[in-house]
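To begin, one chain is listed below as structure tokens, in the form predicted on its own.
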């Protein structure tokens, strides 16, 4: 409760400690973090959660720093959760986003946390959802979640944000068909970055291509998806981005979509927690019984088929 009180007061050290707890895989830390999140979720703030995704090289981190600087200059409090890919071999991660966002990280109204994905799918990290609850309770106005990259699995990230944004670069209009349809359906805003210098004309063409292509995806009852031109380097178009975000949030709240989306996200979170507990239990049983190496050898010796081995192991593992 002492940690909870410090978080609500907005103490940065307490926020950092709390996020470390929710990211920990230790059972003792998990117990503490669950008690903490259970308390914090009763004290919701006013945060708007915005997800940012996009292919490598489009300037996601540069845009987030530029847009974040603009928001902070407008007296908003900003939390940034940047997810970095982890090595499947060593488990290590560079955690370079905080290093790249040098200027904005110095601002006392900004809290930045780079977290390794640790193999978690969906463009997010284990503990990202809980970290957003911590920042919300701490009084942050906006919480940015920068995903690992772009792909079908990024759709999972949309299940914890109020606005899902796809950042693209000039010249990518022709590649729209190459982007998985799912992410175009989930994205609320498309941001064409690098609208500056020699790329300005190409950026305008790309924005037109996206507007044209997205018109085919539009359903009768949904809001028109917005395509915006920005320059992270020149910090232009930022007013349009915040204006669009606020318009979408206001419209969604008016139509009840905002609360409905939050309710769906809670259901999804509960389901994922149940699956995680079951999967952890199954993994522990598999290791303790040691059936996989034993039956694998039987398959190699042609004493049984692979599917017989799978069925035998499954039935034995699921026995209480």
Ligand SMILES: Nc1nc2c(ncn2[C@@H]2O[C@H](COP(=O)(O)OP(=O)(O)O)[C@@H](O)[C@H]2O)c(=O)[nH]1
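Just so you know, these numbers come straight off a predicted model, no measurement behind them. Numbering follows the first chain given and starts at 1.
What follows is about the form predicted in complex with the ligand, which we do not show.
Query raised in the report: So, in the predicted complex, is residue 58 in contact with the ligand at a 4.5 angstroms heavy atom limit?
Result: So residue 58 counts as contacting the ligand.
Query - Partner proximity in the predicted complex: residue 62 to the ligand, non-hydrogen atom cutoff 4.5 Å - result: Looking in the predicted complex, residue contacts with the ligand include residue 62, since a heavy atom lies within 4.5 Å.
Report task. Considering only heavy atoms, tell me if residue 199 and the ligand come within 4.5 Å of each other in the predicted complex. Result -> Close contact exists here: in the predicted complex, residue 199 approaches the ligand to within 4.5 Å, heavy atoms only.
Query raised in the report: Do residue 193 and the ligand share at least one heavy atom pair within 4.5 Å in the predicted complex?
Result: Heavy-atom contact with the ligand at 4.5 Å: present for residue 193.
Query raised in the report: If you check 227, 232, 241, 104 against the ligand in the predicted complex, which one has a heavy atom within 4.5 Å?
Result: Selected residue: 232.
Query raised in the report: Based on heavy atom distances of at most 4.5 Å to the ligand in the predicted complex, which listed stretch, 248-256, 49-57, 283-291, 262-270, is the contact stretch?
Result: The contacting stretch here is 49-57.
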